[in-house]
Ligand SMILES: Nc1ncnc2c1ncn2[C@@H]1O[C@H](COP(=O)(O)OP(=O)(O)O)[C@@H](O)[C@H]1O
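As a starting point, one isolated chain is supplied in structure tokens, in the form predicted alone.
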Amino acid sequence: MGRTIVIANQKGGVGKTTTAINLAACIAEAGKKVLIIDLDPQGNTTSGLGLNKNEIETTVYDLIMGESSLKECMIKSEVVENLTIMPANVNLAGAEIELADVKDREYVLKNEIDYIRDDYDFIIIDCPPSLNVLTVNAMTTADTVLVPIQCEYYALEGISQLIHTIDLIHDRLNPNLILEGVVFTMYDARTNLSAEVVENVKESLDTTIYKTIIPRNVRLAEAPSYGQPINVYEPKSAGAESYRNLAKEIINRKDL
């Protein structure tokens, strides 16, 4: 059975979508079958993988609202072999209100994904930068939560709230959910601050901290505007090498 990983952090600008896109692409590059689910109404994962979010007729929103089948809202990537995308666009913003009166609304996504879970080695879910009903749906569907933390002064801000949410969902909705761990992003080797943040987080959090640290990288920032993950856009860049290393670490985890 495959592993389902949510990429979550309610703090924006921490490299959450960048990590979702590039981790999924590098795991697929390693020969694993991967489904990436864009659960953020901004649809940046969708456009970052080369799809025009404004022209897609059937998205994850239609699946959640019971208006389409799984097959209808899944698109095979044309830029990455072994990768399938469940896209999103602004329509998804309405799901919060529309799900308000739905019975077992926290399990709407899980109930659908359970049908195809065994078809993939990894399912990666990109969440909105908030702890709303979409994020809860992602966490009830998932096995683990991977938290990207930006190497900057307020890195730990909000992390305790996120961990509290994960604990709540584990206790009340998904007893299998655990914290996958932390990955540091936007590391700048030229500053003392980045190194200090890494040490601070290691001292403060009792969880797995991946050895791979994602550097601040111009090519990483450029890649989404070309609709390509970094291992396609600039395969020999430091960013591509880092996400390949992270993918290897995650694939080789034996304790999950």
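No experiment lies behind these values; they were computed from the predicted model shown. Position 1 is the first residue in the sequence shown; the rest follow in order.
Below, we turn to the form predicted together with the ligand, even though it does not appear here.
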(message) Considering non-hydrogen atoms and a 4.5 Å limit, which listed residue (I27, I214, I230, I37) is close to the ligand in the predicted complex?
(response) I214
(message) Among the candidate stretches 215-223, 27-35, 46-54, 190-198, which one is within 4.5 Å of the ligand in the predicted complex when only heavy atoms are counted?
(response) 215-223
(request) Consider R244 of the chain shown here, and say whether it contacts the ligand in the predicted complex, taking contact as heavy atoms within 4.5 Å. (result) no
(message) Taking the ligand as it sits in the predicted complex, is V14 near enough to touch it, meaning that at least one heavy atom pair lies within 4.5 angstroms?
(response) yes
(message) Can you work out whether C151 and the ligand are in contact in the predicted complex, taking contact to mean some heavy atom pair no more than 4.5 Å apart?
(response) no
(request) Examine V182 and determine whether its closest non-hydrogen atom to the ligand in the predicted complex is within 4.5 angstroms. (result) no
(request) For the stretch 173-189, return the residues whose heavy atoms include at least one within 4.5 Å of the ligand in the predicted complex, in the order they occur. (result) M186
